[in-house]
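What follows are structure tokens for two forms of the same protein chain, given separately as structure 1 and structure 2.
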Structure 1
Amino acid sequence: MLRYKTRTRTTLLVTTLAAALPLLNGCGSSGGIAEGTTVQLALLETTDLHSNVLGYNYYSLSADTTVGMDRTATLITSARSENPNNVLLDDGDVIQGTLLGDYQAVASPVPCSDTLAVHKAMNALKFDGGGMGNHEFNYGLTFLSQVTNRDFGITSVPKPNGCGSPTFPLVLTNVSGVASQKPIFDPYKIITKTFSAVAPGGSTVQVPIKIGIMSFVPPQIMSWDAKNLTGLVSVDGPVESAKKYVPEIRSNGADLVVALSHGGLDASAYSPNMENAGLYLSQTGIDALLLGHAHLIFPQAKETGGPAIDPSIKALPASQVDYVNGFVNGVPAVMAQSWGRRLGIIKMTLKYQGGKWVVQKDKTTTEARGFKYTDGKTNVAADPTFAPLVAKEHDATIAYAQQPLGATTDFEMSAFFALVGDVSAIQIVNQAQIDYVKTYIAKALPAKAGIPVISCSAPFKAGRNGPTDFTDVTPSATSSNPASLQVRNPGDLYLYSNNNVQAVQIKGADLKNWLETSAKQFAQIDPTSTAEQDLVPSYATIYNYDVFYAENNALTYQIDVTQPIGSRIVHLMYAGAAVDPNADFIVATNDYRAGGGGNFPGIDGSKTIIKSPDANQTVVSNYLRSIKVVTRAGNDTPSWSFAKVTTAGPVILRSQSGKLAVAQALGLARVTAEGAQDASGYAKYAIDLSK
């Protein structure tokens, strides 16, 4: 009987070992993996989706084949086919950014029993993990808690109970509750995936790979969303947080550590309050860096005729940033632009050496793959399964967008040429902000009634996210045929529904510095050069190009683009006289700018005198309703112009194709001709700075 049992156990042991041989390959005491085994895998990244589920523009009510997750899905399918061993991760700024996002968060808030449209799409794509972006906080912590089904441990934020949410893990490493001193999301997650590998003898084996993911948001969320976050959460520096958790992730068995950095690359000296800390995160012991927030491409596009790398990245130290091959301080890195336009792909080879997986950097490549990656000319087709997933939400958003606003306009308000003097889509915003702040002062701050109130606003939709990303309200409107405005139009004029009106009190010297910082948007033009010069070399920071206005155009100024940064503002006048550096002004703006967003000298929250509960977009809507009729006569006189200069060679502005007639109708004589398209699809317009 004993002999029978021994034989049975021996037989079972032999049988078990035989079955395990394909996995173990007969070697290895550490996890049963043979020394020298290699595995190839791909980290796939989306970032800054901003609720662009479908290729559709809710402001113009038209299809847009240059954006949208429906085409990103096609890129993902292709990349997964090429790389069966893959991990799909998102780098934040998911829930806000289109009228669809605003509709589901504000106009008709999604109930706990349902899931946000963008999360439905991500669940269908089977994401493996995701991080947070700054815009996740725009709708408040209660909404974020609900749509992620996450208990933040904050008394004033209701605990969700089985709400619709992403079906993949979400992490956030550097944001904690003030009371609990604990992260409001998991600071990291270790995702285990079983991948096909190649043993030293050439056989295929299955191996577990553990990928640790962390996520970092800009510390500036405490200023940008102060109304939602003050007293409830705190933010640590990205590098400090990474150094805290990387060793813990390693000790818990992670084979790879990936940082989802919702920030770009900045070579400035590091500080814990750094907005774009990717350069320094790469030095914290991570294996891969996924970048976002800046809406740029990194590394440079690989497709034939692809767009040029942004000058801000090209200017980074070559010793640290390889923008051709995609490495930051030797760490593979990628940034997949925004709005679903690209898919980040980091292909890595790992070799099992000394009992652990080691990244083979000489066999690692990175790519930010775009819709035209196959031939440089044709967009990939949209995944047909996407539209039915969100049909209900899509149709409801369109119906909402078309509701009448109760006002008309007799002219087209656009931003195609906002960078060369057109204020048709900016002046109405400034007028609304001035009206609001003056009314507020009269009621609540009468002692300041004698201080001039001016306003600033930026052309948020002026090409930052591609050649279709321009404000264009009522293009068919004329004085003889006014157009009725709709609910969608204020969002086109003022993109960010989360911004609230604020006002700061400044001196004339502060105003000059503010304008100088705005003028950084322009290149320094060499009048003697015969080469083509790009007036606006990068649209990455278009939201920092503030255009100022005072009632009756009392404020005027010029920008001399032949001068270096900091010395460009000339003829700064108010009420016909040069602005006194010691004169007082009240500037109507938004909470992002008033609190220090954009790093404008002296504008850091300390000069704020009005913190309004009302959103800028709502203020614009209400103002349009109150005046009922918007006329060209009251909205087409710019407060600024270029200091005139004759150039030896061509100066260009990139904008949407086919809009020369718009410039001519505006009387912008400095826009003289429309040239060919560049690799990104922008038309190159000739600009005569002598006019």
Structure 2
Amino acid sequence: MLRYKTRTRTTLLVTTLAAALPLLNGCGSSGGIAEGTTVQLALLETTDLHSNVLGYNYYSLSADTTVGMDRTATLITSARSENPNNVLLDDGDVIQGTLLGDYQAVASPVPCSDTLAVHKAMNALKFDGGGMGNHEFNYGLTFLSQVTNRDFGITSVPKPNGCGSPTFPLVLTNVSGVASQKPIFDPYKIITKTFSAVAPGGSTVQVPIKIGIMSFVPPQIMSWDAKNLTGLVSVDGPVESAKKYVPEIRSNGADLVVALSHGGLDASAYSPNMENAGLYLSQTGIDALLLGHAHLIFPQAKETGGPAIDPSIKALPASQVDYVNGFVNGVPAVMAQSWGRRLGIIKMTLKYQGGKWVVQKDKTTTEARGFKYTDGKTNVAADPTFAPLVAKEHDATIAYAQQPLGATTDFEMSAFFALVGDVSAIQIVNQAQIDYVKTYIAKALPAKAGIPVISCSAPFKAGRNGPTDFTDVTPSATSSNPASLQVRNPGDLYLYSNNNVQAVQIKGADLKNWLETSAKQFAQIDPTSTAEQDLVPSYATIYNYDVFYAENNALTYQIDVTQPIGSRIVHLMYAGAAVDPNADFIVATNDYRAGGGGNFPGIDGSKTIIKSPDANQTVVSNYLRSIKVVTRAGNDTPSWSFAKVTTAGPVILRSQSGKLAVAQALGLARVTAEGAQDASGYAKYAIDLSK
């Protein structure tokens, strides 16, 4: 605070003197540039590439032509040929986002002698400069320091020595070391490029143009990556940081000042804590604003049939934001979506007047150009020189996905009969979640150590997307011939890679309500009806069929499907006694459920006691690795069953054809026969609810 005000005054003094000097030269040419010379240039932006080097999906192990730098490369080539005077800049969130990124950072960390695949690609594309995004901090400061070959001046972060890194300048303006009180990257850089300009007579002259770049990340990195950053770095508000350096950048000769704002647009009152400070950065004396973080398109897409402007941008004050032409408070701005899908292009004309380059504002245009920019339908081709650049890393990532996990199982874990009492694919997830939450409580919430920890999870893949859409892991595993699980398999057991573990504290009454809500998935079965009744008429929301489990099956319950919704849960027992409505339970689940997903009574964020940055998928993976051997013997008693009832007519469950043997191997006596297929291709299995 103290130093800031003093520095501002000193800076003002220096700037005034510096600004006065050129005027002393008088009008006319300076360094040989004739008055009235014009230069047209384009600032090109990529943002939020998120390690999408090739357009590829490492989970499904198939190409994805809607994303990827191999196609961005094609956009860059065309934009450069249209604009020979160009500056290619990246707005951050580069190194994290795909399995490739995780592989090179965590599973098989890239050594100092090598360069990250995404940086290799950017070096090949000859970027001119880059800023940081919040995701650059996901893998920790040591990793970031190494892959950028930057000494952060932080004692606990080893100095890198000649490590592979971007060959273009990197900047970050608003993050400093706590001990050093200095920015960990260069707070700004001035890039000099030689451009072809047109002198007043019409002749071509080569002129140097200096572009100053700054970069800003959301202050929320201190929360999002608290574990990696607390005590080591601190953040300043973006506007405060910009104001600190813009005068200095100008006085050091920059003709243009460009802000790489890893943040979008928000018209709320300014706060240094603001996540999306772009609107306010536009007012700090800059010439161009590159936006990112929000993964949106700005200005409005120009290609035929392109998407309409995002409602959140449309809602911004029209007096400040022109989303058609791409201006924020009169400053040209672009946001090039994400994953390489778009290239931002800001075309500007500068005229040399009075010894400096003056932006001709009426000649500025902006565009967020997408893969289908030519006619709105045709996807640009991938640049064929691209894939060979990163072939080694790409193949290694694919091999990693298929690698052994380090755990075996002696039984098939499937969801074909999850809705009639099979827990083979669910119980292991519940066990992993309980293990994780108990460990967490022991370490961080000792006051709650006496409260029973239970868990719930759902059969996410149980017919929702068609008659073959069922979880089926290690179908050939047997006790005499156990199967080895692959690194990908936790993704089959826990389908959603975007869920984080959370735990809630509830009462027995809440537990009963939760179970009743799950039990809504069943139709109400009329035991006197002779017509065929479908036990689960729709699989649309089967992800809301939570199955509960406690260690050693201490929690058990039955579902009476002859009852109406709300009255189906019977014999709800914990540790041999009926569940007391006032008893406390801690339930391990995921952030979707804990935050209100599925509208379970009272489960709306208010009961959450644990929020974790760890993905449920990772928790399952780590648990499997730690126990190494999964056996059917440890997993074959379900926590739930139906309240037995004899029905006058057939009751069916729709599932994948040809799986009766699976039910038999599981000892599920209530699955008595496989019937004909229905119109959608599901086989109708006969269910005897008296068994």
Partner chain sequence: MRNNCLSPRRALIGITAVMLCALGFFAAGSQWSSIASPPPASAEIEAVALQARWGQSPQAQWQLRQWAEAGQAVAQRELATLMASADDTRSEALMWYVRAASNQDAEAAYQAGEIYRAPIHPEQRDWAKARQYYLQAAQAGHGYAALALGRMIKNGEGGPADAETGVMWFRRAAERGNAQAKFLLANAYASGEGVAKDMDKYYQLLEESAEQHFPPAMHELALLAEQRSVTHGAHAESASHLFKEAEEERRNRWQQIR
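All of these numbers come straight from a predicted model, not from anything done at the bench. Rigid core: the largest C-alpha set superposing within 1.5 Å between the two forms. For numbering, take structure 1's sequence and count from 1.
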property	result
Which of the two shown structures is the form predicted alone	1
Rigid part versus rigid part between structures 1 and 2; hinge residue out of Gly597, Ala401, Val501, Gln337	Ala401
Interdomain rotation angle between structures 1 and 2 - two rigid parts, degrees	53
Distance the CA of Tyr496 travels between structures 1 and 2 [rigid core superposed, Å]	10.7
